[in-house]
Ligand SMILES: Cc1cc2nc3c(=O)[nH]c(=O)nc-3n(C[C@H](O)[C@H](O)[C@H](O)COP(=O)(O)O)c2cc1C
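Next up is one chain by itself, shown in structure tokens, the form predicted alone.
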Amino acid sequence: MLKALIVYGTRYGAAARTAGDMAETLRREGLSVEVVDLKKAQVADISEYELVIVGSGIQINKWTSEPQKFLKKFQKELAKKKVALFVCCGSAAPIDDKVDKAKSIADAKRKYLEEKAAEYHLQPVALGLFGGIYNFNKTPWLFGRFMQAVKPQLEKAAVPQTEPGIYDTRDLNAIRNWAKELAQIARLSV
């Protein structure tokens, strides 16, 4: 059975939920999957995995630190494996109707995925750009002031509240389809 490792860093839960959705899909596709929240656990060795998926939430234009440390630590090993990168961020699902959505998405893909892959000299088999989660219940005070301006836009765009104060802009079908494609890629030339 092919083995996949999904590691991630998250601030408000989007990357965690996305990693869980990916894991479910990959398991249905016949892969053995381990999921690691890098804030809670470390990974000592990646040699047993055919596919390694590294993800992060984005806040203030930055990846979380834990997945970046993972990429740095395993840079040489990852260069020899099938690697996929994903991020969850608001730029992937622009809600401001004054923003050029296609440009916003293309810029986010370049900045958060292509440049990150280049930084660690990786040739990913796939890059996943998914929406984020706006959690008004966990927002720090200073960032919360900025977020209050976003709330009316989320409501105007009819973004669903999954729980009170939590708006989820992720497209679950896109996440599951991306994971299915990764399962097919993992099976190639094994």
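One rule holds for the numbers: they count along the sequence shown, beginning at 1. All figures in this text were calculated on a predicted structure; none of them were measured in a lab.
The same protein has a further form, the form predicted in complex with the ligand, not shown here; the description that follows concerns it.
- Using a 4.5 angstroms heavy atom cutoff to the ligand in the model of the complex, all of R11, A14 and G57 count as contacting.
- Of the candidate stretches 151-159, 23-31, 60-68, 45-53, only 60-68 has residues with heavy atoms within 4.5 Å of the ligand in the model of the complex.
- The ligand in the model of the complex is approached by M147, whose closest heavy atom lies within 4.5 angstroms of it.
- Looking at G128, you'd find every heavy atom of it more than 4.5 angstroms from the ligand in the model of the complex.
- Proximity of L38 to the ligand in the model of the complex: non-hydrogen atoms within 4.5 Å are absent; the residue sits far from the partner.
- Under a 4.5 angstroms non-hydrogen atom cutoff, the ligand in the model of the complex has C89 among its neighbouring residues.
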